[in-house]
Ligand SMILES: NC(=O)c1ccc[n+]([C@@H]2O[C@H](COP(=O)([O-])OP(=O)(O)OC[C@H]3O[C@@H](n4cnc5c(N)ncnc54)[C@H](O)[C@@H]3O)[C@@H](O)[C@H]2O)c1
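In structure tokens, the next block holds one chain alone, the form predicted alone.
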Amino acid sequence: MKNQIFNGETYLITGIADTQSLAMYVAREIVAQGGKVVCTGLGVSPFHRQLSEKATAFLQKNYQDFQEAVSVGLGEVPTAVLDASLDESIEAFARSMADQGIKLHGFLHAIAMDKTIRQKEVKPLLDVSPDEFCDTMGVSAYSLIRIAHYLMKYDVLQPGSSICSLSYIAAAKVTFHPYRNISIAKAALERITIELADELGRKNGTRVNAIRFSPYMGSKAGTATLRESDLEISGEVSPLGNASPEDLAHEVVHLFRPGSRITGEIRHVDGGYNIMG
């Protein structure tokens, strides 16, 4: 039997929506390498106020799908509601982990939201409202800070941990798929990654990195924003073709590897797409 990377360390996995979510591939690889996972999904929480019936039904269905995906893909692992748009939800989750005596050695930030994308059509940036801009920024970027803040406040995230977030090339340049609003949030996410790498590295040796991944349509998030032609274009342009979810999982696990000194990196797992003009 080959040597495993982890020795029972536990990692928080956010962003699982279905069995094909990129976060699911990461979670499975962590378990395969001897680690443990705690998974969170979007659902109804005590901090949601004045929800409409439609919104309540959406959140309940989302959390049910999340739990079913985790059960099928990972078996019996701890799950919890986490709404990255609500500071109270993030703090309650961290407090719950502390109350249960769960110690985390890192987490995957795979959360993003952009209400300006509807039926694969992207709203012009000039028409994006202040609320739409700030909501996207809050969930897709600022939540990285808040999750780290509360996990450290309650001594859940251990010194020397590793944090990794998911980004993509649109954070740096206009791509074949015209992301607008969310690409700005991803650029902010990458800048937050670099600043936290300095701040947390000096604080207690915590590492912070981000990964730009190839376009991917296997999950709900991908099918909501991409077309098959987008994948064909990137696959043709990239010297090695599009990267696979397994490629991403292996890179995240590498960055989570205990004792590593890799931090402040914006890594590319995209078959070389980023080097092309």
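Note that the structure is a prediction, hence the values are computed from the model and not measured. Counting begins at 1, following the sequence as shown.
Beyond what is shown, the protein has a form predicted together with the ligand; the following relates to that form.
Novice: Using heavy atoms and a 4.5 Å limit, would one call L12 a contact residue for the ligand in the predicted bound form?
Specialist: Result no; L12 lies far from the ligand in the predicted bound form.
Novice: Can you tell me if V38 lies within 4.5 angstroms of the ligand in the predicted bound form, counting non-hydrogen atoms only?
Specialist: Contact check for V38: no, nothing within 4.5 Å of the ligand in the predicted bound form.
Novice: Just to confirm, A92 within 4.5 Å of the ligand in the predicted bound form by heavy atoms?
Specialist: Output for A92 is no: heavy atoms all beyond 4.5 Å of the ligand.
Novice: Could you tell me if M113 has a non-hydrogen atom within 4.5 Å of the ligand in the predicted bound form?
Specialist: Heavy-atom contact with the ligand at 4.5 Å: present for M113.
Novice: May I ask you to choose, among S85, T79, T175, S96, the residue with a heavy atom within 4.5 Å of the ligand in the predicted bound form?
Specialist: Going through each option in turn, the one that passes is S85.
Novice: Any idea which of 167-175, 194-202, 96-104, 69-77 reaches within 4.5 Å of the ligand in the predicted bound form, heavy atoms considered?
Specialist: Checking each option against the 4.5 Å cut-off leaves 167-175.
Novice: Quick one: which residues from 42-78 get a non-hydrogen atom within 4.5 Å of the ligand in the predicted bound form?
Specialist: The stretch 42-78, when checked against the ligand in the predicted bound form, contributes L42, N62 at the 4.5 Å heavy-atom cut-off.
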